[in-house]
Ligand code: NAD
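Next up is one chain by itself, shown in structure tokens, the form predicted alone.
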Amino acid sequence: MSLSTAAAFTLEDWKRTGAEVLRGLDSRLFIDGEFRASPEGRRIETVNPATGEVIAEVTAASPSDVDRAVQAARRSFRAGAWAGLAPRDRMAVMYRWAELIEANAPELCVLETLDMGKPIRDVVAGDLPSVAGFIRFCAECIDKIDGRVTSTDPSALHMILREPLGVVGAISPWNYPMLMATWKIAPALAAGNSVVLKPAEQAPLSCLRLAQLFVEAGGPAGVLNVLNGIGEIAGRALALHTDVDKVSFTGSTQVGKLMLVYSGQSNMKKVALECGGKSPQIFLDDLPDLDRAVEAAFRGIYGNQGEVCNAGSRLLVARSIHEEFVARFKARAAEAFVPGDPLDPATSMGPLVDHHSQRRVLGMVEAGVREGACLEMGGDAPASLASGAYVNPTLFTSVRPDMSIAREEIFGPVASLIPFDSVDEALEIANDTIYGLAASVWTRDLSTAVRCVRAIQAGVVWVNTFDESDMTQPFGGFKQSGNSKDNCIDSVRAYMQEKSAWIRL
């Protein structure tokens, strides 16, 4: 099997593959190179959000399980099982890991879709290639990270060395289970650390398999450990553990703040946060191509069911093009994103991750109507898919910046269109948020574009495009969107520490 094989699968192929994978699934904790049960025996269910059916019961880690995993990671680090390998040897393991991920693409893709609801075609075409590609990128960084020798008096030699931190605790979200986990574990491993990963309890299955494949690729036991479990229990225990040197968290701003508290309550471990967003897309009346802008608008909010931290959920549209923008948006978006069975390669929109998320998103829609916004499209669940956690693509117009749908992160397929009359007004609206993850501006005028890039308070700003990048672009935000950068060479350096060595000659 391979990625190219998976790309040719039909709905029946995916159903058959899913049944086979679930029959052979080991859903225990992955500690010290093997699957292990928890002495406390607690288990949690993981549910297919497209059907509401339980697909597996997974072992739920307790604080004592977290301690066992951290101890295994610490032993492997002290022994130099990974950090002590020559850089090219670590690179070789990570390259083999990426190859195994691609070779096991059908299994990993179907686990992702069954567990989280993401359309299988998106996993095959986007997520899994990105996982393998980012692992290779981090592998390439291993022997490119160097220290430096400073200019000193000839009687002394001063070296600045880069060293791994030790044990990294990674807590990843459910919206991109494999990819967001990889954004943490691949740079941490490339830097020479040992890792304990706590994936989101809603979608842990693919991450367990990633760890198993790392060992199959030659990764030493104890270097990569994966703990299923509840965030309030296992995630909290990991963040509070005094033998963890850094915790990297992606998730809500509320929980991200707790990570900072846990660091202070324990050992002042480093904390890397990638949290919420309420990203604005600013469409000026001189934008270069209205059709392309409209497509970026609906893909930026409806892609991945809107379950994206940098989703372009606030559409700031110049009043002079507002009417035509809305007409084209409604005509094209409803056709491009149709909810359906996520295992069907023809499906463009799957369910939300669970029924709790569905109720929350529909509750936000009700709040938008109650506060006076105009519901132009969607706002409900498809009747033909009642057993799943679906929400139809939704568009509000006549949205004021003070409305809850314009201020709160909805994390679902809900777009809020806000008209404006000047560039200054658009920038004021764009920055009137606690978040600062991403933004875009659409204009033909270079001076206006540069002005907006400088004025917008966000870690990533696109011009005449949205959500486009490669691994040269640091991904991370300002304000309450977080304090770290992912998906770039700096993310590898962020899992290292500098040591100054002054030598008297």
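Numbers for residues come from their place in the sequence shown, where the first is 1. Remember, it's a predicted structure, so these values are computed and weren't measured experimentally.
If you look for the form predicted in complex with the named molecule, you will not find it shown, but the lines that follow are about it.
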query = So, in the predicted complex, is F325 in contact with the named molecule at a 4.5 angstroms heavy atom limit?
reply = no
task = Give a yes or no for H355: in the predicted complex, does one of its heavy atoms lie within 4.5 Å of a heavy atom belonging to the named molecule?
result = no
request  = Would you please decide whether V223 lies within 4.5 angstroms of the named molecule in the predicted complex, comparing each non-hydrogen atom pair?
outcome  = no
request  = State yes or no: in the predicted complex, is some non-hydrogen atom of Y262 no more than 4.5 angstroms from a non-hydrogen atom of the named molecule?
outcome  = yes
remark   = If we test each of D127, E201, D245, D115 for a heavy atom within 4.5 Å of the named molecule in the predicted complex, the one that passes is E201
ask   = Out of D291, E335, D421, E232, which one falls within 4.5 Å of the named molecule in the predicted complex, going by heavy atoms?
value = E232
ask   = Thinking of G368, M403 and A430 as one candidate spot, does the named molecule come within 4.5 Å of a heavy atom in every one of them in the predicted complex?
value = no
Listed range touching the named molecule, judged in the predicted complex by heavy atoms within 4.5 Å, from 79 to 87, 252 to 260, 106 to 114, 340 to 348 = 252 to 260
request  = Could you run down 170 to 208 and flag each residue that has a heavy atom within 4.5 Å of the named molecule in the predicted complex?
outcome  = I171, S172, P173, W174, N175, M180, K198, P199, A200, E201
